[in-house]
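Next comes just one chain, in structure tokens: the form predicted on its own.
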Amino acid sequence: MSVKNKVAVITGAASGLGKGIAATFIREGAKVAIADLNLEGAQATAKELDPSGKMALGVAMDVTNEAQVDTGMAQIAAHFGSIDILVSNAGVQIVAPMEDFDFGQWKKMLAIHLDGAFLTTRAALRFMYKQGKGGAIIYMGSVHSKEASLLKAPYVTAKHGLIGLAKVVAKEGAAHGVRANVVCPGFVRTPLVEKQIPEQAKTLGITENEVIKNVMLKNTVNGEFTTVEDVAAATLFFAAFETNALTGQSLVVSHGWFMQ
């Protein structure tokens, strides 16, 4: 039950949840590729989390770009010698009512969340299968992988889709010792969520405090945001759990917002 000396690729890791997960993995002895659309940010985060330059690598990766994903994964494997863990975390959020949702924005959301998960998974599996020592694929889902909210049609659709993808990867990967899981956080106060607060306030005609209290945290047991540390701990748990006993499962981390 350890990630020590494992190589983890974390997408969208220059900030927010991805950065927090990367910090946790490095602290636990893993070598981490900080893969992000923003190369400068990825390299800065790698240097911040690992001043020695031995445990972290910043890599440019647009997860919707097939060539860039394949090239980035090859660069990571060449640098560290293997790929053992993929945390598919890159994502964006755009909120609007269904009747006003722009088709281009819909396609952008699905491309980042679903195409990105597919492309990075396919590339990681090719290395994991060839290496012959198993691995872990972990998708960053959401409570919205389980239920819906207003104004988030493409996000809810994509996050539900990740659970289906994880189940297929779990079945196909089992013969190669590769597990697949989904971590489903509640609201975490990352830049992605901070952006939503004024957007939802404007769309719903309520104050930002009301968005937090009556929309985001209404159904939690204690009125608290899920923390980056909460999510990182759950991700680490799946990454370090080396048997197939839990493969294909999803874990909700939401202060009781959603209970299975």
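Every value quoted in this text rests on a predicted model; they were computed, and no experiment measured them. We number the residues from 1 along the sequence you see.
As for the form predicted in complex with nicotinamide-adenine-dinucleotide (NAD), it is not shown, yet the points below apply to it.
Quiz item: Only one of 206, 215, 44, 192 has a non-hydrogen atom within 4.5 angstroms of nicotinamide-adenine-dinucleotide (NAD) in the predicted bound form; which is it?
Solution: Of the listed residues, the single hit is 192.
Self-check item: in the predicted bound form, the residue from 62, 50, 28, 230 that sits within 4.5 Å of nicotinamide-adenine-dinucleotide (NAD) by heavy atoms
Solution: Checked against the cut-off, the match is 62.
Practice problem: Give a yes or no on whether each residue among 15, 113 and 155 has a heavy atom within 4.5 Å of nicotinamide-adenine-dinucleotide (NAD) in the predicted bound form. | Solution: Yes, all three are in contact.
Self-check item: One stretch from 75-83, 135-143, 97-105, 165-173 that, in the predicted bound form, holds residues within 4.5 Å of nicotinamide-adenine-dinucleotide (NAD) by heavy atom
Solution: That would be stretch 135-143.
Quiz item: Any of the heavy atoms of residue 220 lying within 4.5 Å of nicotinamide-adenine-dinucleotide (NAD) in the predicted bound form?
Solution: No.
Quiz item: Taking the shortest heavy atom distance, is residue 90 within 4.5 Å of nicotinamide-adenine-dinucleotide (NAD) in the predicted bound form?
Solution: Because a heavy atom of residue 90 falls inside 4.5 Å of nicotinamide-adenine-dinucleotide (NAD) in the predicted bound form, the answer is yes.
Quiz item: Should residue 188 be counted as a contact of nicotinamide-adenine-dinucleotide (NAD) in the predicted bound form, where contact means heavy atoms within 4.5 Å?
Solution: Heavy-atom contact with nicotinamide-adenine-dinucleotide (NAD) at 4.5 Å: present for residue 188.
Quiz item: Using 4.5 Å between non-hydrogen atoms, is residue 37 touching nicotinamide-adenine-dinucleotide (NAD) in the predicted bound form?
Solution: Answer yes; at least one heavy atom of residue 37 falls within 4.5 Å of nicotinamide-adenine-dinucleotide (NAD) in the predicted bound form.
Practice problem: May I ask you to list the residues of 196-212 that have any heavy atom within 4.5 angstroms of nicotinamide-adenine-dinucleotide (NAD) in the predicted bound form, in sequence order? | Solution: The stretch 196-212, when checked against nicotinamide-adenine-dinucleotide (NAD) in the predicted bound form, contributes no residue at the 4.5 Å heavy-atom cut-off.
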